[in-house]
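The chain below stands alone and is given as structure tokens, in the form predicted alone.
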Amino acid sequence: MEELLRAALKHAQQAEVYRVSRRETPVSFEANRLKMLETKESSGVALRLVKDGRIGFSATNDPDDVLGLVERAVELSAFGAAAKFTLPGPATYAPLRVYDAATERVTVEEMAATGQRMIDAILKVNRELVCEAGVTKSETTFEISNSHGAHAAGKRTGYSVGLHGTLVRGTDMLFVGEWGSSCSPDVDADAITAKVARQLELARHTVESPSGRMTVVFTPRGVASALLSPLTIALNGKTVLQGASPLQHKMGQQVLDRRFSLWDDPTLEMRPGSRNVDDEGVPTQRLPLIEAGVPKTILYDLQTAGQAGTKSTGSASRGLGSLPGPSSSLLVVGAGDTTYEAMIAGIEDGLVVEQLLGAGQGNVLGGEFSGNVLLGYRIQHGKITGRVKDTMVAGNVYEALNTIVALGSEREWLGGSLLTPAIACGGVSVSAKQA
């Protein structure tokens, strides 16, 4: 790292080195059988520098390619964007537990046994199901160092478990699935299997889909697939600088229902999306994105913050082969006061959406969402009566979250980067294919 910085500073005024390595062991099942288990390792280093006011960047997987890395970054700086930032100096990073040695000790035999146990259990519910399952453990280390004295390094572990099934009967295809993720091997595989079994039970009968504007209950998976993407894009510094965000002139104004709050909180421990430092060496913090329906924070990295004339929010994310950009880390939606059972019981005729297919294909910048219901159920007289087919849901996030009928009191983790309750929204457009 120091050798790279010294070599870069012979040509540039600022320089930053980012190094990352990852070891991943996935165990995967396909068509109800063990398909593959392997261990994959990758590592690399990236150099970003500022020469004569312009950004140069290069990355390599060759640890001995120091001079080549510097030469490429210097050459590319002539064509790079104007740098609007000064790299950060030394900082104090709050301790954050995202590493568990127990994850590394889990054997591939134990992971394979977990996957097979889930498949065996769900096949007892329905022998016709064709299942895919996966159990993966990983370890990632990173290090950031720059010419202004900032230095950060860390290690994290990850452990994820997933189970998905497909049931084909003639032209009818049913997709069910659930997954969980943590930094520790404490993911409850039996609970994941039980959720998939519950989906199968609710989908056992197919019923006629409703049509028109009605109350739609978005489960946590439904919230993730339909409602959050337009909000995070609108609050991204790049979108704001492009003048494309519908929220950029509404900061501090009442935009959504007062019951709705959304945070980016990377300070939660033992979650894969958590981190105490962003990918530019800036300390992270809990950020109120939307508080009681009022937009509060726009996510910036160093470059976009400089362009906007403000400070980084510690939201820089990057891959090894790309420059940093602003992004959320771990989203948290505030809980309400209505249980899921009471939410369903209060609806005379409506729809439950577990998963939308193609929800992000509309005018996402305008807040629109639309997609086919991959998995959803009809509500009639306060009860779920069966699965719907050939159904589409469409709406606008800003309208839907202004017509909240109920906000769930129980929250669920979706992987390691989203914690959300179910949300019931009124006036959502539902259409069904005519037989």
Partner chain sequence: MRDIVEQAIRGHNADYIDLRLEESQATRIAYRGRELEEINKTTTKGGCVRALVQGGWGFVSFNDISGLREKVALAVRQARVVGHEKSNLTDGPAIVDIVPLAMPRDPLAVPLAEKKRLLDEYNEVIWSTPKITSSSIGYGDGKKKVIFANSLGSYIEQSRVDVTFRITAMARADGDVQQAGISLGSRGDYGVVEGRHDEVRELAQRAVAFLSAPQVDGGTYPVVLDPILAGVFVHEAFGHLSEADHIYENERMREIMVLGKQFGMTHLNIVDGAAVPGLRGSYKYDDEGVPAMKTDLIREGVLVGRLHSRETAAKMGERLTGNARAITYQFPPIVRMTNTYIEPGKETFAAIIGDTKDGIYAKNWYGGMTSMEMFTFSAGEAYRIRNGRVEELVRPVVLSGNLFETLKVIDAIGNDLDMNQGGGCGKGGQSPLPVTNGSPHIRIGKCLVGGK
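Positions refer to the first chain, counted from 1. Quantities reported herein were computed from a predicted structural model and do not represent experimental measurements.
We do not show the form predicted in complex with the partner chain, though everything after this point is about it.
At a distance threshold of 4.5 angstroms between non-hydrogen atoms, G80 is in contact with the partner chain in the predicted complex. Under a 4.5 angstroms non-hydrogen atom cutoff, the partner chain in the predicted complex has G321 among its neighbouring residues. Contact check for G358: a heavy atom falls within 4.5 Å of the partner chain in the predicted complex. The closest heavy atom approach of H381 to the partner chain in the predicted complex falls outside 4.5 Å. Proximity to the partner chain in the predicted complex holds for none of A7, T232 and K296, with the criterion being a heavy atom within 4.5 Å. Scanning N363, T86, Q254, T107 against the partner chain in the predicted complex with a 4.5 Å heavy atom cut-off leaves one residue, N363. For the candidate set E30, E410, D52, E399, a heavy atom within 4.5 Å of the partner chain in the predicted complex is found for exactly one residue, namely E30. With the partner chain left out of view, the stretch that reaches within 4.5 Å of it through heavy atoms in the predicted complex is, among 273-281, 165-173, 201-209, 178-186, 165-173. In sequence order, D64, D65, R72, E75, L76, F79, G80, A81 are the residues of 63-89 having a heavy atom within 4.5 Å of the partner chain in the predicted complex; the partner itself is omitted from this view.
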